[in-house]
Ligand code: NAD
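The form predicted alone is given below as one chain in structure tokens.
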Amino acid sequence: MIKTRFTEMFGIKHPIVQGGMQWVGRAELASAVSNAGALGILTGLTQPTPEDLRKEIKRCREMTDQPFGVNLTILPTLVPRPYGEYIDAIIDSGIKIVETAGNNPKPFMPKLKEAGVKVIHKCTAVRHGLSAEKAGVDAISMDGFECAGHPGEDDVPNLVLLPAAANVIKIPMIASGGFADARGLVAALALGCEGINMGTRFMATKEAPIHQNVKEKIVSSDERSTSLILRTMRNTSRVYGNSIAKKTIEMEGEGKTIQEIGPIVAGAKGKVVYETGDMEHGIWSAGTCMGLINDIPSCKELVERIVREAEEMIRGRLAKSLAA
């Protein structure tokens, strides 16, 4: 077993977290990850209303007696979301772990802390990690350029970002972006982290509530199969490099506005991809770690394999390299 400050703080067996993913982080996946001894996370805004989130939390509780958390991504949206009401739903449901992402969670911290909630803040830059630490979060999930979704605008990969963050951040930190196997876990520990966060890797599992076509596409793709869209608008997103992503980049090159591009990249279209398996219907998030994914195991098989191989690597090859 690999014990770290993160596993101790959050009461989990293994230093692995399933990242909050829009349309993917539902009870089926979160409960399976938590039952495997890692930390499952429900995606708050996947549920259309705070009341729906309460129901999903209840559903997840019926599927696991292990700790799980809820992700709340705080971003400006075309239609404002009632974040305060989602936080009330989380607290009223007795959730004790929240992953925040996007904007600084400072405005919500007093309410969360008063309710005894531990907060993991996901960010993409050392400076943002420091300001979240100052705001009182309990842990940082540092997200490198390799990640799916929003990598920020600094383009710093994890080999530099993680140790740079570990030099100055004192609270437990987990590594996110590009992690899919035991080698990544061992590397994250060596770079100063207390565990790893995986999104794309958990999409290619038996329990992920998405169409089989998506899982098979992840397995058949490689590390070059993603596209970076909305770069010109400084709202970069790493997505699967399908025809819609390529069209978006073309439109950006032509100087089209967000009002013109918006309908093409709408999140609701990505939801249809996950539901129907029509891989060209819209954009969908995927990370460069697709190049490391070769199978579709259960969450239990995946977590146990990663931890077992990581232990073997630390005790075996790495320990032997110290031999006189």
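In case it trips you up, residue 1 is the first one in the sequence shown, and so on. Here the structure is a predicted model, which is why all the values come from computation and not from measurement.
Omitted here: the form predicted in complex with the ligand. The next part is about that form.
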Within 4.5 Å of the ligand in the predicted complex, counting heavy atoms only, one of 226-234, 161-169, 177-185, 109-117 shows up; tell me which. 226-234
Every residue of 45, 258 and 266 near the ligand in the predicted complex, heavy atom within 4.5 Å: yes
Find the only residue in 128, 217, 211, 150 having a heavy atom within 4.5 Å of the ligand in the predicted complex. 150
Answer with one of 242, 104, 221, 73: the residue that has a non-hydrogen atom within 4.5 Å of the ligand in the predicted complex. 73
Can you work out whether residue 285 and the ligand are in contact in the predicted complex, taking contact to mean some heavy atom pair no more than 4.5 Å apart? yes
Contact flag, residue 20 vs the ligand in the predicted complex, heavy atom cut 4.5 Å: yes
